[in-house]
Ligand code: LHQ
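Let's start with one chain on its own, the form predicted on its own, as structure tokens.
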């Protein structure tokens, strides 16, 4: 499938989605929201895809919503409907994808771009990356899942302060606060992420997906409910080819050959 605003590449179990509007620092317009959502759904349907990388072309990851695009909508434009039909579908597609998503944060992630970055499962950042909730600068509220993700990652006080001050969070501070998993020199980002994603693609991706499902579900469960759900998912995992292969490889003292099923 041909895309206008993103690049989609697939090789050796890894799909790479690149936000590709570098002249706007990869600001989201309707087409890019729709195409990115479609790409994640495509990854979910393709068993050959076992890990997904999300990054941006050029100097930025994403500067957020293209405000120029919004300004052209006229008086009948509803930002609530824009969110429901656009970003909400994208965030859900990412969270529901039971395959690891690695965010390669190559530059600024601002506004909705910050929210989309937070929806990745693992975030590896360039030392030139930064994060900013720019919503308050134009009198808006954080959206695109930010109010759900960020307080859970860094705590409510820090998240609220970032939201109301619109202060820029550096890569090093993002690492210290747990927003990203690691920071690497800018010129090493692509190679580091591809090597990391390739390892995940060779792993027990069924178990990875079930783990992701369990952790998201646990936010809404009591301990007893979480324990019961863990038992259910563990039974599912124990009936898989990957479990049988993992045990056999352990007994035979060899590397396992997982197939993600």
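Because the structure is predicted, anything quoted here is derived from the model rather than measured. Numbering follows the first chain given and starts at 1.
One more form of this protein exists, namely the form predicted together with the ligand; it is left out here, but the text below deals with it.
K.L.:
Of the listed stretches (24 to 32, 201 to 209, 49 to 57, 229 to 237), which one has a non-hydrogen atom within 4.5 Å of the ligand in the predicted complex?
P.N.:
Answer to the contact question: 24 to 32.
K.L.:
Quick check on this chain: which one of 152, 137, 186, 158 has a heavy atom within 4.5 Å of the ligand in the predicted complex?
P.N.:
Of 152, 137, 186, 158, the residue with a heavy atom within 4.5 Å of the ligand in the predicted complex is 137.
K.L.:
Between 175, 169, 95, 83, only one gets a heavy atom within 4.5 angstroms of the ligand in the predicted complex; which residue is that?
P.N.:
Contact residue from the list: 83.
K.L.:
Are all three residues 38, 91 and 122 in contact with the ligand in the predicted complex, where contact means a non-hydrogen atom within 4.5 Å?
P.N.:
Zero of three within 4.5 Å in the predicted complex.
K.L.:
So, residue 104 and the ligand: in the predicted complex, are they within 4.5 Å at any heavy atom pair?
P.N.:
No, residue 104 is distant from the partner.
K.L.:
Would you classify residue 190 as touching the ligand in the predicted complex, given a 4.5 Å non-hydrogen atom cut-off?
P.N.:
No, no contact at 4.5 Å.
K.L.:
Is residue 110 part of the interface with the ligand in the predicted complex - any heavy atom within 4.5 Å?
P.N.:
Taking the distances in the predicted complex, the answer for residue 110 is yes, it comes within 4.5 Å of the ligand.
K.L.:
If you check in the predicted complex, is residue 163 within 4.5 Å of the ligand, heavy atoms only?
P.N.:
Taking the distances in the predicted complex, the answer for residue 163 is no, it never comes within 4.5 Å of the ligand.
K.L.:
Which of the residues spanning 44 to 66 lie within 4.5 Å of the ligand in the predicted complex, based on heavy atoms?
P.N.:
Going through 44 to 66 in order - heavy atoms within 4.5 Å of the ligand in the predicted complex - the hits are 59, 63, 64, 65, 66.
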